[in-house]
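Quick heads-up: it's one chain on its own, the form predicted alone, in structure tokens.
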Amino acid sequence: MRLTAEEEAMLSGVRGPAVQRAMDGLVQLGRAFGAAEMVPIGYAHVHAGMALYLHDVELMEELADLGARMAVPASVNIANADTVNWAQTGAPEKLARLQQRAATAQHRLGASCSFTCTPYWAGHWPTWNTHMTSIESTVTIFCNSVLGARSNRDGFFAVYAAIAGRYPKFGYHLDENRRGTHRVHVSASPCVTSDWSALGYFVGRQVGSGVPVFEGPAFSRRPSLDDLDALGAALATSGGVALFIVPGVTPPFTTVADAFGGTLPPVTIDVGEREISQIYAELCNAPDEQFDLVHLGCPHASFEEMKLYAEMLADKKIARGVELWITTSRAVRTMASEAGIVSVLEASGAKIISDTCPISCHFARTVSPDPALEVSPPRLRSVVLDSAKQAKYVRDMIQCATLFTGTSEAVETALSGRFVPRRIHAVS
């Protein structure tokens, strides 16, 4: 792999041991994937330092002690605890205190402690053709698809790239990989965000790590940013999708033919109402009356979604014995608080939680937390939710059943104490 003189100096240690370590890891990554050179990056979404693992936090502290600093604007991914209001989630205080240590390390590194899977709602908005890096699949696919930035699914290498300001040029950093591989005709009419989530979940399983190109009457109404967010998050969950294309909506292609480089593939994946309904049914595997938690905000809720929740919950009360969690970023929570939205939601009995979510907090049963944290995950019967992504990971990580429904139906469930299945809504 060709390195510039500056990059060679970084690799040799001229810029210090932290940058040298970062460059060494990135060079190994680039060689493994056959990258010809590095590219400068303009943004990074990095690892939080997960408090369930003491050594994970210590690694971030070690990098800070070595003098590492973020070379580009960097946001921080979701964490294991709400570091301010951990008590309302039932998290052990030791876990929250350790997560606060990780936050201190991130401040020293120069990162923005957003602790969210939707940093774009917090103002991190990389523009078209910006080379970037991300540890979070939802961020990768949103920035690649909706914003036209360039990112792979990077894991911890996102931290190294942020420190070095470089990334090996392979994968979705190359023009030739940013073309469609599968043509998807959507005859269904997704009209609420959870429908877009179900659509993405179905298609992700069909295309694997390919690049789906969407067309059909479903797109006669331009999807909202929240719809596109839900679509991408689900595509990245059931498959390894890092880029999708909606000609005329996502950059840069205006036609389906353009998205495939002028040659249309012969096979089209058809998605109708039957396939959408199939996903809802598949992700409902619990008795309707047996749920412990209703969760909204996966991916972390936008300001527009917070407004919607407040409209649904205004002057109403959550049913006795029901917990409603709404997860969002610190930034959106602050904006919603200033707008009077948080007070409306909290008056209903909802819990507004930042920094974490059910699958990332102490609920997880598929991790081995540090014994000193004294974490005992509660045994949940089922979780009601409006996100196919969250349903998948609740099953895998919390190891409990799910009840997947629409957003308005999830709110009705929290208000009534009885599960309300998804209704097929008319397109407005």
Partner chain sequence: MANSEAREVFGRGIVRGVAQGEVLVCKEAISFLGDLDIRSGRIVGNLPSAQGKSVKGRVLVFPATIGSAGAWRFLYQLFKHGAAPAALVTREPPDPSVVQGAILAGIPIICEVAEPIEQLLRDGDLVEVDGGRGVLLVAASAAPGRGSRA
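Numbering follows the first chain given and starts at 1. Because the structure is a prediction, the values reported are computed rather than measured.
One more form of this protein exists, namely the form predicted in complex with the partner chain; it is left out here, but the text below deals with it.
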| item | value |
| --- | --- |
| One residue of I135, A218, L324, I276 in contact with the partner chain, assessed in the predicted bound form (non-hydrogen atom, 4.5 angstroms) | I135 |
| Single option in L380, M50, L373, A64 placed near the partner chain in the predicted bound form, where near means a heavy atom within 4.5 Å | M50 |
| Partner-proximal stretch of 178 to 186, 83 to 91, 336 to 344, 156 to 164 relative to the partner chain in the predicted bound form, 4.5 angstroms, heavy atom | 156 to 164 |
| Partner contact for L59 in the predicted bound form: the partner chain, 4.5 angstroms, heavy atom | yes |
| Interface membership of L54, the partner chain in the predicted bound form, 4.5 Å heavy atom rule | yes |
| Partner proximity in the predicted bound form: Y120 to the partner chain, non-hydrogen atom cutoff 4.5 Å | no |
| Close approach of G42 to the partner chain in the predicted bound form, 4.5 Å, heavy atom | no |
